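What follows is a single chain, given as structure tokens, in the form predicted on its own.
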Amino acid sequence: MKISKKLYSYYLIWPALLIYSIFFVLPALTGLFYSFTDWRLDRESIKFIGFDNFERIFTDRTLLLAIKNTAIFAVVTVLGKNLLGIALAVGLNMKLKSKNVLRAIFYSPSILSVLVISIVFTPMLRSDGTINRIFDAVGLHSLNQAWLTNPSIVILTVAAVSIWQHTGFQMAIYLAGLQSISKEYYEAATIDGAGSWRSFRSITIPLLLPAININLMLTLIGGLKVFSEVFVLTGGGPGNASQVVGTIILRSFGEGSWGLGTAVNTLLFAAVTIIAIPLLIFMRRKEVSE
């Protein structure tokens, strides 16, 4: 009877664990196996080829460029979404008459479809689009760019659009964290002579660490798994200038190179795991220490 009671909680998780194993663990292991094969659409048999697919990833210029672009996109969007998210949250946590309206305005882009975002931004980002016209109108002609066709800046343009769309979501999480901080801390700091910056650094940031942790994880994983923004805005172009790991996976499967596609997907999974888990552990420790 005692053993049965101890195992009772495990009985409750078995259904969820079974579903998780069938729809996640098993496909992941199957994909891992196929990443070491020459699995292709035009071949009836599958042959084990070891690490050949992974060697190709790190020797093919397009694949290396996709990895580089993914890293750039992840870094830029993590910094942009979190820094702007905190700034907006702090500003809209103040006593403003229009704060509720402003919160809704800043949050609203995050509920829009990426397809809608692309329809709005694509004409704006053309050489003769709205953004360059605004620069011309205010005399900043030197800032005019071919935002979606210049290989040097196209991935940064896509990252900027992603930041514009999702910063409101990060703002909402930070805002919830700020509202959970007691005002007594700030009152005590004011009495002790602490200024706004000192209060922000010594009170707000430490007590906001749980929200920072959540947002860092969401933006980092989302940045590494980027696909939709690049696919609808540039399709990986011009040429291959904005290719990312996600679009390479799609192209590999579209070309029938299923073994290579699963290898790239496996590499992406490994990268997300290796980067995200240590960061999560570090942030959790910071939360406890603070």
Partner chain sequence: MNFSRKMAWRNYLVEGFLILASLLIILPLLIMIFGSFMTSTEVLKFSLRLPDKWMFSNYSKVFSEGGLGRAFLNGMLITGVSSILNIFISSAASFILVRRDTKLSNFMYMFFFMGLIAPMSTITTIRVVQWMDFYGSITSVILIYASLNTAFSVFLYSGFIRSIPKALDEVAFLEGANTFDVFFKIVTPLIVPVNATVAIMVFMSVWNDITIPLYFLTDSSKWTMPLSVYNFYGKYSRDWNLIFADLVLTSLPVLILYLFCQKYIVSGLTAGAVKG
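Numbering follows the first chain given and starts at 1. Superpose the two forms; the largest set of C-alphas matching within 1.5 Å is the rigid core. Not measured: the values here are computed from a predicted model.
What comes next is about the form predicted in complex with the partner chain, which does not appear here.
Undergrad: Of the listed stretches (254-262, 236-244, 51-59, 65-73), which one has a non-hydrogen atom within 4.5 Å of the partner chain in the predicted complex?
TA: Answer to the contact question: 254-262.
Undergrad: Any chance all of 36, 79 and 137 sit within 4.5 Å of the partner chain in the predicted complex, going by non-hydrogen atoms?
TA: Per the other structure, none of 36, 79 and 137 touch the partner chain.
Undergrad: Among 142, 152, 98, 182, which has any heavy atom within 4.5 Å of the partner chain in the predicted complex?
TA: Exactly one listed residue reaches within 4.5 Å, namely 98.
Undergrad: Applying a 4.5 Å heavy atom distance criterion, does residue 200 contact the partner chain in the predicted complex?
TA: Because no heavy atom of residue 200 falls inside 4.5 Å of the partner chain in the predicted complex, the answer is no.
Undergrad: In the predicted complex, does residue 127 have a heavy atom within 4.5 Å of the partner chain?
TA: Contact check for residue 127: no, nothing within 4.5 Å of the partner chain in the predicted complex.
Undergrad: Evaluate residue 206 for contact with the partner chain in the predicted complex, applying a 4.5 angstroms cut-off between non-hydrogen atoms, and reply yes or no.
TA: No, residue 206 is distant from the partner.
Undergrad: Would residue 147 show up as a contact with the partner chain in the predicted complex if we use heavy atoms at 4.5 Å?
TA: Residue 147: no, not in contact with the partner chain in the predicted complex.
Undergrad: Across 116-132, which residues bring a heavy atom to within 4.5 Å of the partner chain in the predicted complex?
TA: 116, 117, 119, 120, 121, 122, 123, 124, 126, 130, in sequence order.
Undergrad: Can a Cα shift of no less than 2 Å be assigned to residue 21 between this form and the one not shown, given superposition on the rigid core?
TA: After core superposition, the C-alpha of residue 21 moves 2 Å or more between this form and the one not shown.
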